[in-house]
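In structure tokens, the next block holds one chain alone, the form predicted alone.
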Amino acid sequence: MSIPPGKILACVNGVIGPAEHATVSVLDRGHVFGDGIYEVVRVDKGRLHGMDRHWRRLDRSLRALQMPAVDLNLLRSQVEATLAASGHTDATIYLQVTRGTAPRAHAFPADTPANTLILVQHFPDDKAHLREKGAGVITHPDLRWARCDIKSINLLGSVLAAEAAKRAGCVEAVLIREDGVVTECAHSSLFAVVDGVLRTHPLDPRILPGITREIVLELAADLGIPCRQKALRSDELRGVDELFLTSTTSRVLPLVELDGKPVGNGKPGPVTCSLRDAFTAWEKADALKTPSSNALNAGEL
């Protein structure tokens, strides 16, 4: 099966078909409670980037929410089969697991199997030019729940922040808690450079352990860039020398404008550019050791 770039292929509990024909029950707990977790993996020229890291985080989220047992080997084979069936070589894979289908009641249902959903769609890299010239962001109150380290499908706080950024003509929203602590972005990790030192919020329940964030920290260590995992405060944010975000789809994206005012000199800074280029090199190296979608289709995993 090969589908046009604008179409999305779905796999619901192991059954593959066009997304527009896929169905889930209205009693699915993801639908009525947001009771589920997800991952997004990027496919570039047929290569799945950082899949093992995403898989470890998925397993962590499942355990943290005490989800029903999921056969991860089977689920991974379904991811691979859905990608191969789609025919896409530049794509995103959205993987969701919910607590299953049961009559609506807040407490966990007994002996209910999980529901799984895989979506594969073409991914045009529309931020390539922004990775060169930089982008703008706004600040926004962090309205999310207290366990942002779990990649939950309950994303209303992030949705509101992302919509505010979109209306302001910006790519993202930098989230700030009531106590003035800068956490991360609506759907990205956040880094700053202050006096030559890389700064980012430490891993704790207030932020997601981003996959690209993890790789960038490793690259910074390799490059000898000093790093301090210490949260910024809102009053510090205005005076940073550089600012950038990281995510699976945006990669390393320089931020040159904050709430309509320039960050630093208004151009991507040297530390940001070094890490952006290092991440591009990491992707190329990762591609050499990651099976392509053609290989997956041939059963060569």
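These figures come from a predicted structure and were not determined experimentally. Residue numbers run from 1 along the displayed sequence.
Quick note: we don't show the form predicted in complex with N-(5'-phosphopyridoxyl)-D-alanine (PDD), though the next part is all about it.
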Three residues, Arg57, Ser188 and Leu208; all within 4.5 Å of N-(5'-phosphopyridoxyl)-D-alanine (PDD) in the predicted bound form via heavy atoms? yes
Would you mind picking the one in Thr212, Ser86, Thr98, Thr200 that has a heavy atom within 4.5 Å of N-(5'-phosphopyridoxyl)-D-alanine (PDD) in the predicted bound form? Thr212
Position in contact with N-(5'-phosphopyridoxyl)-D-alanine (PDD) when the complex is considered in the predicted bound form, options Leu62, Leu237, Val256, Val40, heavy atoms within 4.5 Å: Val40
Note: N-(5'-phosphopyridoxyl)-D-alanine (PDD) not shown here; in the predicted bound form, the stretch from 65 to 73, 260 to 268, 243 to 251, 23 to 31 having heavy atoms within 4.5 Å of it is 243 to 251
Is Arg144 close enough to N-(5'-phosphopyridoxyl)-D-alanine (PDD) in the predicted bound form to count, meaning some heavy atom within 4.5 Å? yes
Although N-(5'-phosphopyridoxyl)-D-alanine (PDD) is absent from this view, report whether Lys151 comes within 4.5 Å of it in the predicted bound form, heavy atoms only. yes
